[in-house]
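The chain that follows stands alone, in the form predicted on its own, written as structure tokens.
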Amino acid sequence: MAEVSEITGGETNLAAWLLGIQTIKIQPYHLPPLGPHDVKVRIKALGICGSDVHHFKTMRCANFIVKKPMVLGHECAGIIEEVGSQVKSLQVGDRVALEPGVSCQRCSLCRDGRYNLCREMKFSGSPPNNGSLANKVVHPANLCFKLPDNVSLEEGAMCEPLSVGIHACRRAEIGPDTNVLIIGAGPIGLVTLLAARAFGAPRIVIVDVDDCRLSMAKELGADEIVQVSTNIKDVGEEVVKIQNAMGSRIDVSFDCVGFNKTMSTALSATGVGGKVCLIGLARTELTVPLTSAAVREIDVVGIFRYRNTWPLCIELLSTGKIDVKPLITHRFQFSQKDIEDAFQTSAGGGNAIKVMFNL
């Protein structure tokens, strides 16, 4: 039970609990027993996700509602401190990145390999499941991926957001012949930029309302950046600017926001026969020009989290094909004041891209 702390060698396991709107407290966290196929991990690096911020600000993210105190966080990496009796692939002292979603492994979706869509998914830090912003967590060994020596624990934690971009590029079939438009230059838009380039996209244009984030996108390798407004009446004019910036057909557009305006822009800007991939889930319902997109045979592709991405993420990081380090703009320690400051920093936006805890 969460009310009781784990005490090992005099050390109490502590975690960051979301208790109410904008109310986070470091309190004891009792871990479940170590199963034969589990490992106990001391968390060393954890990034704040946009979903964490939604939970912090409103006690919900889309249809996931926080109804009781919950440990936040799921973008993490750490060091193994204990292994279950049947674990052969990992050992104490290994540095690992954790994939946070535990599927049932029994349903038809899991058996077909689409485990990210499992109806019984237990995802860390998503209600009602506790997350990983804690000294230690217990996690299935098969969801802990060993990091090579040249990949840091912070980079290991970045495998989680990077996985979203990797999965999106796989779903949209990005390759050397695919010109890419990315709408939204927040953390997910930027990792999608990095992933698309690693997948061979020859030309990438990224748009946003914030010039600071657009500057970051340019530094990370975007070929062109376009600043847009929040006014949906500007879509027609902005689409022309975006298409001119691309200079050729837009094959795939990624909407990393999920507003009426962003999705309308994506559908209108994409070339005939192209694809629009909806990544951002800012709204549960959208009003968009679907008919005009249909007659141009625009395929709309959805993604939900990711699947089978950690090995590729680690390979791309270790070989230097992707560098996520510039995305980490702010760092905090694991104290009550730091946790409060970190979440306020992340929620404030501005020049904060990825806020990282070092535990």
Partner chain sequence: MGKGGNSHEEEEENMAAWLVGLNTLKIQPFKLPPLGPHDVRVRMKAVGICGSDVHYLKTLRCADFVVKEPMVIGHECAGIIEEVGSEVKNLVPGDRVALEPGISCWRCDLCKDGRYNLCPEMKFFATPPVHGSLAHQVVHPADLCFKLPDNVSLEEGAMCEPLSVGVHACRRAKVGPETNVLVMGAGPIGLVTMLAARAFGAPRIVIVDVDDNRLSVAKNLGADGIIKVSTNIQDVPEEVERICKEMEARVDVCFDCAGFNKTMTTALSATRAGGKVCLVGMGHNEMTVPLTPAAAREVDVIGIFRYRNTWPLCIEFIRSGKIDVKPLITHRFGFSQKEVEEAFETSAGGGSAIKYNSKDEEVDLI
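Positions refer to the first chain, counted from 1. Quick caveat, the model's predicted, so the values are computed rather than measured.
Omitted here: the form predicted together with its partner chain. The next part is about that form.
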Suppose contact means a heavy atom within 4.5 Å; in the predicted bound form, does that hold for all of 109, 114 and 119 with its partner chain? yes
Only one of 87-95, 210-218, 190-198, 272-280 has heavy atoms within 4.5 Å of its partner chain in the predicted bound form; I'd like to know which. 272-280
Should residue 289 be classed as touching its partner chain in the predicted bound form when contacts are defined as heavy atoms within 4.5 Å? yes
Please check if residue 284 has a heavy atom lying within 4.5 Å of any heavy atom of its partner chain in the predicted bound form. yes
Do residue 54 and its partner chain share at least one heavy atom pair within 4.5 Å in the predicted bound form? no
Given that its partner chain is not shown alongside this chain, does residue 171 nevertheless sit within 4.5 Å of it in the predicted bound form, heavy atom to heavy atom? yes
Tell me, out of 320, 36, 32, 302, which residue has a non-hydrogen atom within 4.5 angstroms of its partner chain in the predicted bound form. 302
I need to confirm a contact call. Of 45, 298, 328, 316, which residue comes within 4.5 Å of its partner chain in the predicted bound form, counting heavy atoms only? 298
Residues from 142-162 in contact with its partner chain (non-hydrogen atom within 4.5 Å) in the predicted bound form: none
